[in-house]
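One chain comes next, on its own, written out as structure tokens in the form predicted on its own.
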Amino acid sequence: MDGTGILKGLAVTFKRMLDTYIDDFKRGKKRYYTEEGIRYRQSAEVKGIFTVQYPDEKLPVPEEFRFVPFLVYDEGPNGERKDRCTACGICSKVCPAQCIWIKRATNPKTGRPIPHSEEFYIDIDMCMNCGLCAEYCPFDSIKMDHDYELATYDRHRDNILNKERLLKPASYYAQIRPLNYAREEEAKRQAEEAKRKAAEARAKRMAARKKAAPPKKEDKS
């Protein structure tokens, strides 16, 4: 109760402030506005107090950081776009906030539904960023984005995202989540390899059966 605790706390604060200036002199311009400086400020070796000069500087987010969802499409060799979404509706069913609306496309000739989404909307003001839609999607067509700078003055115009605004190429997904993308591609490769081996084994069994089958008797009548 004699005030020594307050003095100790002030001493710690003063030391941190002093370390900031000393570290600035040692590292110079490398500490600010460079990727090296950003990595340093996120490391355990950082000394003193630092301020990120936002928006000129931005701390990188971890790979598992998740914000609003987006739709993934694959890019063809001639630049054509192949949507992964089949409008199955699982993402809208598991969404706790019910912020996803989907309209399935139909065949104009027969009127029957086809595995393709005609309309896809997400209200990002309602989105909880929980990631359940991406976790339950069986086609890896919806993923969680890293883009968090979504401030706007008109929520009805800007915060209800339609399909065209939600669509992003698979190359973008590979850029923001390289480890996840590599795991998914490896899983796809293994599944295709297993499918190919199963087809080869089935063909071998059919050939063995034909070879072992007795020849048909000729009808002499």
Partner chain sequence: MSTDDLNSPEYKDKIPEELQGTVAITTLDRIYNWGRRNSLWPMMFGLACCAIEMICTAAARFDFARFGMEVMRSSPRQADVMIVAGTVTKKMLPQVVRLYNQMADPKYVVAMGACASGGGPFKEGYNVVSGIDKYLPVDVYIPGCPPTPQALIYGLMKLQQKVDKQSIKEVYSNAGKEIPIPVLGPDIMDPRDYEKIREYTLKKAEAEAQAATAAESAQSA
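Quick caveat: nothing in here was measured; it's all calculated off a predicted structure. We call the rigid core the largest set of C-alpha positions that still match within 1.5 Å between the two forms. Residue numbers count along the first chain shown, from 1.
What comes next is about the form predicted together with the partner chain, which does not appear here.
With the partner chain left out of view, the stretch that reaches within 4.5 Å of it through heavy atoms in the predicted complex is, among 54-62, 22-30, 187-195, 168-176, 54-62. Shown here without its partner, the chain carries Leu71, Arg112 and Ala182, none of which come within 4.5 Å of the partner chain in the predicted complex through any heavy atom.
Mapping the unseen interface onto this chain, Glu149 counts among the residues with a heavy atom inside 4.5 Å of the partner chain in the predicted complex. The partner chain in the predicted complex comes within 4.5 Å of a heavy atom belonging to Ile124. The partner chain in the predicted complex is approached by Arg41, whose closest heavy atom lies within 4.5 angstroms of it. None of the heavy atoms of Glu35 is located within 4.5 Å of the partner chain in the predicted complex.
Contact residues in stretch 163-197 (any heavy atom within 4.5 Å of the partner chain, taken in the predicted complex) are absent; none meets the cut-off. When two forms of a protein are overlaid on their rigid core, residues whose CA moves 2 Å or more are considered shifted, and Val46 is one of them between the shown form and the other one.
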